[in-house]
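The chain below stands alone, shown as structure tokens; this is the form predicted on its own.
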Amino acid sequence: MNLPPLIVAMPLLAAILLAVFTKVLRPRVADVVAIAAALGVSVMCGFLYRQSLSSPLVHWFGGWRPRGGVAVGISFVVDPAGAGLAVLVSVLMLAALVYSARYFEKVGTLYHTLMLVFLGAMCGFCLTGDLFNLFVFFELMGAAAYALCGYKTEEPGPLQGALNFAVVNTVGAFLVLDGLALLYARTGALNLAQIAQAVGDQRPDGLLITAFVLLAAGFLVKAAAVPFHFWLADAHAVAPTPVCILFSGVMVELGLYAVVRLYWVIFSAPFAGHGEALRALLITAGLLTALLGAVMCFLQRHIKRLLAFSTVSHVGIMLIGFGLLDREALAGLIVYVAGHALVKSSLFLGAGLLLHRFGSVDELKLHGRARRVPLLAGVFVLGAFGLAGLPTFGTFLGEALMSEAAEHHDYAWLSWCSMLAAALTGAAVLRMTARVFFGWGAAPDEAARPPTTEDEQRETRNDHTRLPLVMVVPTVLLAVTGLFSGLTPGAAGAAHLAAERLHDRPAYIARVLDDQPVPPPAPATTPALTTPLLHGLASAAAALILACLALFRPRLRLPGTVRGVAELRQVHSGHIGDYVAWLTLGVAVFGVSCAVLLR
């Protein structure tokens, strides 16, 4: 079976082809090659996902299979979670490439080359069964992402954003590399299954805890969890819009996926006796991320920065889902990731359409200027309610599954916190939509104030009096798919299966090292939807009320909020030194907490 390596090789080979013939190829030919490669990868990932449903697929490169339980070769291990993520990655890449076919009038083949390298690296990351290759694919992904973020080299904003992005994530990469080295020193293995077998289920010692801290912190930097999140808004707000849907839609989620994969395969057995303590620690980190990201999202007037901070908030909700350390919550997390990716991608593409049509993504400058594009208003309204977790969206179904697991572990109050964060992010998008598309709320005086961040320049040079069809179609399709993603037949069952394969450590080890069949999945439970349904409706209503208050009662402020807002803005300074200092503090706090709680 050669499908897994082909999924990675095809975009990389297409990228090499474009790079070699960059001086003779026309941009439209590069568009066709890149879109064809992304389409091919999407189809192959779909086939691979279907094949992985019956049993995880293991591909050993060069036929170097394990001997006596020792893996000397390199493997791809394809289970429903990894294959499903690869499907999501390739579909979003396809949407981004179709959208950018008209978006950049003078784009060179370098853009397509970088996008295809990005695609190959993300797919490899989803499919690999090797710890070192997990690191290599993420760094390859990062190298392409840094270059794409700073693609508009003539503008200082993208260069600064790319620099912040690269420096902070490189520090995260060193943390991952150090953790990887510690595990290799202990086990002499890089294959995930063999590391897990060597670690066993013995009580964790200092080396194992340190390795976990370094690996988790390094990948949480890439997932933009608080206090490692500072780079995200700087990068996502200035990157080319088609690239943003990959950054916010899947790249940060891949950082969290790495933590989830490593925990359940390697660390879940040794840390089993400390589940309650680790659960409390991860949930605390998730809560901080969800609420801080939501508040910062609500404070923005730069639309892409607003969406970037909403990504931070929703990563927090996802981190809570993982932090529950429960199979049911894991299923909810999987659904939530897919639902969020669809909604957030449509919102970013919508922001790109605003930039194309009106030359700005500043909410106040755009006051009432988009009245004649109701279709785009509909996309933003759908996106806002999707972020708020309205029933029918995948975010709702994911939240329902996670809430049920939270209740099982006596964390029922968590659903209210997630609802608050979701409502704040939804309210921010609704407020912006009402102001930009309907002209509601006061704006002229506010628009005269200097913005906290510079507005963006147009990225398109073609006719600005209309919205190109190739840009509108992916935007609307993603928004509509997101709307019905929570109603997809079998979505909950598929998520339960993926969660069980991800969760079952002994079955994973036996499948990879001994080629043993995996046991049949346990029957999926149907979540009780009455309470989550009320929460979803309440969250959407709260988002609507908060948006109205922001529009018509802007002077209504809680005591101390003005000072708190100023301090929050000051902390997000845009200075790399500050970000690295926060990162260092975060790693220290996380490390000390783990040392105290896991011994």
Partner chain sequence: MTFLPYLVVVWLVVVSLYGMVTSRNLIHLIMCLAVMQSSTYVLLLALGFRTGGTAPIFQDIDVGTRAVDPVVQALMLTDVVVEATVMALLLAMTVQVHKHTGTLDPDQLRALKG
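From a predicted model like this one, the values you see are computed outputs, not experimental measurements. Residue numbers count along the first chain shown, from 1.
What comes next is about the form predicted in complex with the partner chain, which does not appear here.
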Of D234, E253, D326, E500, the one that lies within 4.5 Å of the partner chain in the predicted complex (heavy atoms)
D234
Partner-free chain; cross-checking the partner chain in the predicted complex, the single residue of A280, L420, V136, A412 with a heavy atom within 4.5 Å is V136
Is M10 near the partner chain? Define near as a heavy atom within 4.5 Å, in the predicted complex.
no
Is D178 close enough to the partner chain in the predicted complex to count, meaning some heavy atom within 4.5 Å?
yes
Any chance A162 has a heavy atom within 4.5 Å of the partner chain in the predicted complex?
yes
Can you work out whether M296 and the partner chain are in contact in the predicted complex, taking contact to mean some heavy atom pair no more than 4.5 Å apart?
yes
Interface segment, criterion being heavy atoms within 4.5 Å of the partner chain in the predicted complex, picked from 531-539, 22-30, 53-61, 569-577:
569-577
In the predicted complex, which residues of 137-153 put a heavy atom within 4.5 Å of the partner chain?
E139, A143, Y146, A147, T153
